[in-house]
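Read the single chain below, which is given as structure tokens and is the form predicted alone.
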Amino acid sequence: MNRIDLGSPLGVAMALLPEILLSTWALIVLLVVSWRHETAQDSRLAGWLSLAGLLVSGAGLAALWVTGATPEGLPQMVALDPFRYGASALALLAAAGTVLISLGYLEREGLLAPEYYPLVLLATAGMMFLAGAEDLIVLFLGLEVMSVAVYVLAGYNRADPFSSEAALKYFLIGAFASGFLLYGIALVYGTTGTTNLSIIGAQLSGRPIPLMAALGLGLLLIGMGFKISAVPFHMWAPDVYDGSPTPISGLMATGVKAAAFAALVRVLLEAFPSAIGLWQPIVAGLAIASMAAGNLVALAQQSLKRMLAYSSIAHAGYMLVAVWTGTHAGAGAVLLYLLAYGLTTLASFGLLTALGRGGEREVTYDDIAGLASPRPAIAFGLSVCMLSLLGFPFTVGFIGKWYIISATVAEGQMILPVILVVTSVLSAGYYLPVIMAMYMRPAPGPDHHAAVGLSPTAAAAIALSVAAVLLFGLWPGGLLDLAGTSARTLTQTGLPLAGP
């Protein structure tokens, strides 16, 4: 086991090696694009350099994970545990998929401004800081680094008014939510005299939760509720996903959500386990509202992109059911579901880029009618994604929902799992029509799908994602063990956490 002294500058640098490598690489890519930024070849060069940077950062993360890096002593500001490594790996995978999908997409759409790929790298670095934050200050810094980069990426298509609208809405509501988060941090600090999660948990254990700490916890939940797009803090998600360039919509639905959920789980399980009686009803209410509203509104959508946006709200509700448990089993279920949802959603948005032009906002069920005949591979990939999001057996989406239900039932809770199952059945009303349109309806015209196609890099990324969805759905044993082991490394403070 590799013990790292986080009290020394060298130790901190070692602990933050993946983030440092990625941030440094982002600056290198920024220098390259400042020199070469005029042609499609220059854009592809920046994309491949960015992918290399993600691989280098991944190698640094793997080095920490494989050597079993752990901190010497407490308190620390950065987590060194497999839960952080797993969540950071999800962010890197989401970013790598986004880069591969973007390589052909940006050229096709004429979006060749130089800052795109450095912003993706910086957003990913923020996600990794957020996922590994052991201190509320680090959490806020990671959140803002991630958010500012994504604000710009959402409005990256300057010629599209919907993209500008998406960026403005995301920025305004995001700034408002950050105010709640900061006020919550201030109240918690005022109560405990610290922003370290482990020390907060120790300070609040064994005594009634002070009113100021309870208010701070409520404000923290509001701030994090925005980032995970849980109802009623979801109002930004449909318009922002709809107006953003489609690869960025996929990044927000996967990487941003993964980092935010990882941070939420760590805050609740490490800093507020003794306040579980306060936050469990709130989380349950958010979960029920998100599952119900997300699925019901998605039923009314005709645009595939908006349907996926509302679907993401419903899936946030499913993951909140696992968060409700307050156990290591629930944390493992969140981690596994983030992988299942991330693989499926990234592939779904990637396939959506093949179906339209100009942001894919207007792609409807009618537009994909008869797609299976001229483009069988794309139709098959999209069908697998829809079935996995539905939770169909033999897909990783089914395994993720089963894990959530198992962790919740183990705590004696039956209402939330029943609502999860019922709302999942409702989701068949908008997932299955996608498959029916592609396989059971005729195309509007003989050449209707002639322009449908993927770049080689996007096709490779989507093929790997679809293969993983099926592979992990058939043989999930190793994935379940890894998720459970990673979750059990979360620090236990305050009251003992229930579950394995």
Partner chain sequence: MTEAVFYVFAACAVATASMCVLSRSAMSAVLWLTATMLSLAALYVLLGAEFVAAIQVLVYAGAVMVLFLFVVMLLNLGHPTTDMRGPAAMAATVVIAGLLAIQLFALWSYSPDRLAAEIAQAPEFSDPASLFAAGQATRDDAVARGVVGAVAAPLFEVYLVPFEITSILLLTAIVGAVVLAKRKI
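Positions refer to the first chain, counted from 1. Quantities reported herein were computed from a predicted structural model and do not represent experimental measurements.
What follows is about the form predicted in complex with its partner chain, which we do not show.
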item: Its partner chain in the predicted complex: contacting segment from 56-64, 25-33, 465-473, 446-454, heavy atom within 4.5 Å; value: 25-33
item: Site check 141, 144 and 155: each within 4.5 Å of its partner chain in the predicted complex by heavy atom; value: yes
item: Contact residue in the predicted complex, chosen from 149, 185, 103, 92 - any heavy atom within 4.5 Å of its partner chain; value: 149
item: Answer option from 283, 219, 122, 307, heavy atom within 4.5 Å of its partner chain in the predicted complex; value: 122
item: Any non-hydrogen atom of residue 14 within 4.5 angstroms of its partner chain in the predicted complex; value: no
item: Contact test in the predicted complex: residue 403 vs its partner chain, heavy atoms, 4.5 Å; value: no
item: Non-hydrogen atom contact residue 77 with its partner chain in the predicted complex at 4.5 angstroms; value: yes
item: Residue 113, heavy atom within 4.5 angstroms of its partner chain in the predicted complex; value: yes
